[in-house]
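The form predicted on its own is given below as one chain in structure tokens.
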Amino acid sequence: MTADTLPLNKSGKILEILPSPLKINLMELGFLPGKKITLQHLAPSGGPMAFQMEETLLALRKSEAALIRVEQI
């Protein structure tokens, strides 16, 4: 499953970042394998998604979240 399919207020452990020109950018933001993320907010009509990672809240486009492969925990 990918981060864009996580249910609201559910958590996942990052397994990998799928190959993309944005892979390095996501990793620089802290989206690294083994980290836990939680979907905190979901904008209507497919807008941005806000993920809690440790003490940081980060917003991603749905297309960017689709690049993060997670395992729901």
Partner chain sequence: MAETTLSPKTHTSRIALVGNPNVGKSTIFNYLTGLNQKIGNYPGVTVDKKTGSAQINGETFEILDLPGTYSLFPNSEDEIIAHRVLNHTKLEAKPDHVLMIVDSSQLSRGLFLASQLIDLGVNLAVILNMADLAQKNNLEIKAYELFKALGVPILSTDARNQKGLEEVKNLISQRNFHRAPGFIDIQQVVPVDMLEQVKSKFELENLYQAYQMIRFGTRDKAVSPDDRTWLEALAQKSEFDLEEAQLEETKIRYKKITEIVTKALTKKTEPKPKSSLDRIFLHPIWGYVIFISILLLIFQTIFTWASYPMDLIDGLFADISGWISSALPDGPLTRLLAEGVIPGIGGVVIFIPQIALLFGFLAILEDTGYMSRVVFLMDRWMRPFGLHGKSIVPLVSGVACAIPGVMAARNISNWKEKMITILITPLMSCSARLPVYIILIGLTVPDEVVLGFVNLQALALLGLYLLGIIGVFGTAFLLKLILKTSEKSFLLSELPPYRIPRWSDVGITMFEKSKTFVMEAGKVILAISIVLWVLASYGPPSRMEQIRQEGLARLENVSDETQIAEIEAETNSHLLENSFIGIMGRAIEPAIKPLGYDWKIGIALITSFAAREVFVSTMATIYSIGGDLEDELTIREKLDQQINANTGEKTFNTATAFSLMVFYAFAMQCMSTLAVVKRETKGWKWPLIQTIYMSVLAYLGALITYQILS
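Positions refer to the first chain, counted from 1. Quick caveat, the model's predicted, so the values are computed rather than measured.
Keep in mind the form predicted together with the partner chain is missing from the figure; the text below concerns it.
In the model of the complex, the partner chain lies within 4.5 Å of some heavy atom of residue 50.
Within this chain, residue 60 lines the site of the partner chain in the model of the complex, having a heavy atom no more than 4.5 Å away.
Taking the partner from elsewhere, residue 26 is found to have a heavy atom lying within 4.5 Å of the partner chain in the model of the complex. Interface residue remark: residue 34 is not counted as part of the site for the partner chain in the model of the complex, having no heavy atom within 4.5 Å. Of the residues in 32-48, those that come within 4.5 Å of the partner chain in the model of the complex through at least one heavy atom are, in sequence order, 32, 40, 41, 42, 43, 44, 45, 46, 47, 48.
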